[in-house]
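Read on for two forms of one protein chain; each stands alone as structure tokens, with the labels structure 1 and structure 2.
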Structure 1
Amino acid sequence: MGITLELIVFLILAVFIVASSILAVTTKRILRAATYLLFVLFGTAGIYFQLNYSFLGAVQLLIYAGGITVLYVFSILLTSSQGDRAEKLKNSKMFAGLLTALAGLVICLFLTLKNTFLPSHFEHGELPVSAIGMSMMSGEKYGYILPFEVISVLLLACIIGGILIARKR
């Protein structure tokens, strides 16, 4: 395929994501790691927008970048003791981590290249929101109503747990 704008944008986003992820795991300061994670999430949202799936991109930004990152930053701010530097790793631990990451990479590449993906049925134009809503709330064969309700029960349990922990005695 020739050099199209989509390819260039995808390459830029991919380099951005890879660089931010490597920086996120190698930096010693915790809050900088959270910031690099934020960049990774931005890049992922960019890839979703490039695939014309704007709903998922908006959800990625709303939940991940705006919710989870805020959660991380709040918990770091509330619980960090002296400064925000992580301790220096021993060389043996770093070597073991690198080996594990390499093994994981090999397994993922193997699975990705060996799997025969279905031919992508790429519609141009965005997915209508009503289709998303219908599939999330329908009880038929490919409907997602059961996971939806289970997730809401899980969130309710989180809220109750948070209130129980934070209430005054």
Structure 2
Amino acid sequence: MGITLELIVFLILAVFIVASSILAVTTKRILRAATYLLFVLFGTAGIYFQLNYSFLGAVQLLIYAGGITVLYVFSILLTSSQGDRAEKLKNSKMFAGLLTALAGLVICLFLTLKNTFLPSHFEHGELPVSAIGMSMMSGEKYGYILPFEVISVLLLACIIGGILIARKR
């Protein structure tokens, strides 16, 4: 297997995502953590575009990188004081976090190395957007109309909660 441009772009995106995610969980400032999360979501969209899944990449950019990150930033700005910093972790919590991360890494490596993954019969590319929309918004067995409505009610509750918190100040 030779080194191709696709592999180089994937490795650059993977390093970018890993570095941004490490910075997101280790930074002391919560607004910077939200910014690094935005970078992780941009990198994930880049991988979707590289796989030629333009619909998923566009959804990733519009919904997650655009909407959810803006919601996080607004909620952070509404609820935190100026210069809000995270508390310093105790050694026991740091040890527990490192132990949990190590256990997750061992489990992932064990499952990846133990199983032989069969080649998929999945065709590269994507369906037309109209077919994706009709299957997602159907009320049948594998439709997503109910989760879509539940998420919209949840986002409405978050917006109302943010407004109530802002009015109290």
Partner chain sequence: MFDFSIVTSWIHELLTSVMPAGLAVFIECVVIGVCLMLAYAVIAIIMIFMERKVCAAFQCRLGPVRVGPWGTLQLFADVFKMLIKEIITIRHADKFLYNLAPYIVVLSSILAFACIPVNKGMEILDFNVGVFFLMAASSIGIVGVLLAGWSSNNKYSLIGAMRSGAQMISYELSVGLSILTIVVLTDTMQFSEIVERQADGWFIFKGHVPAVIAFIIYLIAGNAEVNRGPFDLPEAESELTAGYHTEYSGMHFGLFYVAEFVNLFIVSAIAATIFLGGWMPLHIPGLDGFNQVMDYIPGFVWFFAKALFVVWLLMWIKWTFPRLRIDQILTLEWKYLVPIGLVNLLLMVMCVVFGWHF
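Counting starts at 1 with the first residue of structure 1 and goes up one by one along its sequence. The model shown is predicted, which means the values in this text are computed figures rather than measured ones. The term rigid core refers to the maximal set of C-alpha atoms that superpose within 1.5 Å between the two forms.
Asks: The same chain appears twice here, once per structure, so which copy is the form predicted on its own?
Replies: Of the two forms shown, it is structure 2 that corresponds to the form predicted on its own, while structure 1 does not.
Asks: Using the rigid core as the reference frame, would you say residue 58 shifts its C-alpha by 2 Å or more between the two structures?
Replies: Superposed on the core, residue 58 moves its C-alpha less than 2 Å between the two structures.
Asks: Tell me, please, whether between the two structures the C-alpha of residue 67 is shifted by 2 Å or more, with the rigid core used for superposition.
Replies: Residue 67: C-alpha displaced by less than 2 Å between the two structures.
Asks: Answer yes if the Cα of residue 100 shifts by 2 angstroms or more between the two structures on a rigid-core superposition, and no otherwise.
Replies: The answer is no, as the C-alpha of residue 100 shifts between the two structures by less than 2 Å after core alignment.
Asks: After aligning on the rigid core, report the distance the C-alpha of residue 141 travels between the two structures, in angstrom.
Replies: Here residue 141 registers a C-alpha shift of 7.1 Å.
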